[in-house]
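A lone chain, given as structure tokens: the form predicted on its own.
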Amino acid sequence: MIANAKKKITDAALGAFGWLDDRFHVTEIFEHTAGHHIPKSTSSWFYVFGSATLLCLIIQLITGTLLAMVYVPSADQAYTTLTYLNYDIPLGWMLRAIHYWGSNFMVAIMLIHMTQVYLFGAYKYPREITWMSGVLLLLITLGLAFTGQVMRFDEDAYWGIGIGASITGRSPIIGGEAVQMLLGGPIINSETLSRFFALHVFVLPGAILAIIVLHLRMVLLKGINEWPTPGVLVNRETYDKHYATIIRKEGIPFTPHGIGKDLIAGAVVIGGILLCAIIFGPKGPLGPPDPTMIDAHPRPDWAFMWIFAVAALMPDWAETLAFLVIPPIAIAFLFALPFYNNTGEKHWSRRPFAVLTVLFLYLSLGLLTVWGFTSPWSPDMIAWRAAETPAPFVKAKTPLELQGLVVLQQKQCRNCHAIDGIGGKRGPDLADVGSRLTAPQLARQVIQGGGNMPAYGKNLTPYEVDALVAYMVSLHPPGTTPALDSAKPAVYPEENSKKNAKPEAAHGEAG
């Protein structure tokens, strides 16, 4: 009885599916998309980054749509909206955090995916358009990350827009008009935020979805690049036949046999985003977007931190070259790559130049990013009142030296100079300055300046200079002597002790 009922239900379900399949060609669509055959060698952990990036985009679209229901793209309400999301709406902070960390994961995973594709030679024949659409997706993703930072409309966003407008304004001929179009006027205001909101919510997501359709279509048409084998070269005349042979001999359907690692990687990505969201929460909003605040500490998100470092470190004459000449050349190089390096070896072990290029780029961008976060060239504007002085640098000081410490704090020297790592990093650490410079050298440096240090001669009284120098002379590691004046004969500790001992001895002998 039960068996007959099950059979009737099964037959009915199959009949319904057959009816739908006959109208919508579901089976045929599945076989040509999710069920398409891939080389067995591509069922590898190295091939999961593309699907992981797509998963991040889906998360961004869902969370972004929910955020857009509350967010008000207005200069006077955007900041309030975000604080409302953070503190008043239940789990609003979690929604923002998932969106923020989803963006970070998406950028990072896409960079890894592009690197893997480059090192595996997957841009070569016949996958030129697949690579070019991938470059477009990377650029749009970075555009989404930047416009997403602007949506916070805090001090980071305000100054980020300002720097972007400054770079745009350097464009020859169209610079002024381009800035006007970017900002919606001469200053950063509601029109500016509204334009970036339209870019972030409508233009860039629409563009990325269109390019993804093209990208996936090319993946289905030209196949997934097989695992490269050393010595197996790409030849335009023979590659298509070679790839067809691979699929015929060892091809497996992506679903269900090749999708396993992608599903695990997707679970790891979702877990990572949720974990970061719970532990670190959303970013900002930080300080309000007030250009009159002189102690603002704006920083871009990590994906653009290297640009921040380049802008801070390069000489003025090189800025136009760095921002308006090199980037278009680099992007053109990426688009042209599959045309001037279209055939030949794919395996990274036989392409040392490709490996060195990747290492150079990651080391350079990584180092610039670290410098951007630490920003040693920028004073810490609140260090003079917030940076504490370690106890060893206060104890056993004379009244004059302690007064010098007070001068050091009040004149905001700590904004640029740290003591034992605490304080600004623009100038050298003062923890051992007494063993490097003599009292006259320190006085000259304070009064006249030098290097990147301004002269403080007109801002300090002679007494303040004496106290400041006395304190800095006292800063030397335990067991070491203060710096000696090289113009005077060296006096070794033993001689110095004898010198000091003689008067006492003489005094003793005299009675």
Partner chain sequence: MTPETPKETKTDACCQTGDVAVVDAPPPTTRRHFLFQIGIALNVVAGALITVPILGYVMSAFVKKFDLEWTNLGPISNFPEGEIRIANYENPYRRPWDGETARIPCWVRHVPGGTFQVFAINCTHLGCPVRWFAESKLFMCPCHGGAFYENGDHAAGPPPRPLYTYEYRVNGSNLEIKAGILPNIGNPGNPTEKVKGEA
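Between two forms, the rigid core is defined as the largest C-alpha subset superposing within 1.5 Å. Numbering follows the first chain given and starts at 1. This one's a predicted model, so the numbers in the text were calculated from it and none came from an experiment.
This protein has a second form, the form predicted together with its partner chain, left out of what is shown; the following refers to that one.
Checklist entry - Which one of these stretches, 139 to 147, 332 to 340, 355 to 363, 283 to 291, sits within 4.5 Å of its partner chain in the model of the complex when only heavy atoms are counted? => result Checking each option against the 4.5 Å cut-off leaves 283 to 291.
Checklist entry - Can all three of Y158, S190 and P379 be found with a heavy atom no more than 4.5 Å from its partner chain in the model of the complex? => result Yes, because Y158, S190 and P379 each have a heavy atom that approaches its partner chain to within 4.5 Å in the model of the complex.
Next on the checklist: So its partner chain isn't shown here. In the model of the complex, which residue out of K222, R299, H99, H113 has a non-hydrogen atom within 4.5 Å of it?
Outcome noted: In short, R299.
Checklist entry - its partner chain isn't shown here, but in the model of the complex which of I270, A165, A277, L204 has a heavy atom within 4.5 Å of it? => result Looking at the other structure, the residue within range turns out to be A165.
Checklist entry - Does H347 reach its partner chain in the model of the complex if we count a contact as any heavy atom within 4.5 Å? => result No, H347 sits far enough from its partner chain in the model of the complex that none of its heavy atoms falls within 4.5 Å.
Next on the checklist: Taking its partner chain as it sits in the model of the complex, is F308 near enough to touch it, meaning that at least one heavy atom pair lies within 4.5 angstroms?
Outcome noted: Yes, F308 is a contact residue.
Item to check | Close approach of P399 to its partner chain in the model of the complex, 4.5 Å, heavy atom | outcome: Heavy-atom contact with its partner chain at 4.5 Å: absent for P399.
Next on the checklist: I'd like to know whether P440 contacts its partner chain in the model of the complex, with contact meaning heavy atoms within 4.5 angstroms.
Outcome noted: No, P440 sits far enough from its partner chain in the model of the complex that none of its heavy atoms falls within 4.5 Å.
Next on the checklist: For the stretch 170 to 205, I need every residue with any heavy atom inside 4.5 Å of its partner chain in the model of the complex, listed N to C.
Outcome noted: Stretch hits, in order: R170, I174, G175, G176, E177, A178, V179, Q180, M181, L183, G184, G185, P186, I187, I188, N189, S190, E191, R195.
Checklist entry - When you overlay the rigid core, is the Cα of Q412 off by 2 Å or more between the shown form and the other one? => result Shift at Q412: 2 Å or more after core fit.
Next on the checklist: Using the rigid core as the reference frame, would you say W384 shifts its C-alpha by 2 Å or more between the shown form and the other one?
Outcome noted: True for W384: a C-alpha shift of 2 Å or more.
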